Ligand code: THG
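Just the one chain here, the form predicted on its own, laid out as structure tokens.
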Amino acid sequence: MQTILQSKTKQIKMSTDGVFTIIGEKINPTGRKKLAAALQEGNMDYVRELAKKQIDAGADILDVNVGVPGIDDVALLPKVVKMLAEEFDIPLCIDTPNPKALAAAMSFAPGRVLVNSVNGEEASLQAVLPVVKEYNAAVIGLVMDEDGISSDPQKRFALAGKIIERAAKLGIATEDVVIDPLVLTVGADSNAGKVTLKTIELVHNEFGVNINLGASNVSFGLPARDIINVAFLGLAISVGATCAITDPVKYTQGIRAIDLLLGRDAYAGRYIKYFRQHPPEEKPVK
């Protein structure tokens, strides 16, 4: 199954039987004080820098979030989306919980965007899905509802079905709903990764849709987070995950290796090309 996104001239096909899709996570001020300050000042230079760095590192799509307390996101999100759409030829993932900001920003995004996100809460379904339909977008569906995030994979799976069904009633095709099974930290619950992996397996086997991860959540609060994140990505991709909102600077090389090991990279062509374009930095001799 394919979910097709588009920028001015570039098309990205997120596919359940193709290579893994990387959604750059860096244009999100959560936990990033420098970006939050730049957005508050209306300084687009740092946003440009983050966009370029992620694209150069291998991002297929850019996530765009301006959620800083006190900021008028209805005014700012369209401004940022417009700038990115004009200066970079890459599909966008518009990331906001505010339907008004979402609708305002969609008007400035060429092609076809991904919306992040809707969930199983009735208020979210009623507010977000009509905007997704109006602008012919694709949408990420989070498997949570008014009761929060369940630790039961079957309940998460049921919510995935609910979101897909409600989207279909509005005329949103199943292939345009990308399910996020939700990743919680194994530092707080040692079964958290296992629950997510089982949810991915259930959703993949039943619905065959694209599946997104916020992969780095799994290692929160633990040492050597990059090792845990890459290991988790490998496990998740092997059972059906097809894209992730993550750091392309850190993880593209590892993702290329996972695709290679799963037989998705003939003669290691993509892996070798990426390695040549991004050689490891040489450490100075002490």
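As the structure is a computational prediction, the values presented were derived from the model and not from experiment. Sequential numbering from 1, following the sequence displayed.
Here the subject shifts to the form predicted together with the ligand, a form of this protein not shown in this document.
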**Message:** Please identify, from 76-84, 148-156, 197-205, 135-143, the stretch that has a heavy atom within 4.5 Å of the ligand in the predicted bound form.
**Reply:** 135-143
**Complete:** The one option of G187, P99, G214, G111 with any heavy atom within 4.5 Å of the ligand in the predicted bound form is G214
**Request:** Please state whether all three residues E25, T30 and N116 have a non-hydrogen atom within 4.5 angstroms of the ligand in the predicted bound form.
**Result:** yes
**Message:** Can you work out whether I245 and the ligand are in contact in the predicted bound form, taking contact to mean some heavy atom pair no more than 4.5 Å apart?
**Reply:** yes
**Item:** 4.5 angstroms heavy atom contact with the ligand in the predicted bound form for D95
**Value:** yes
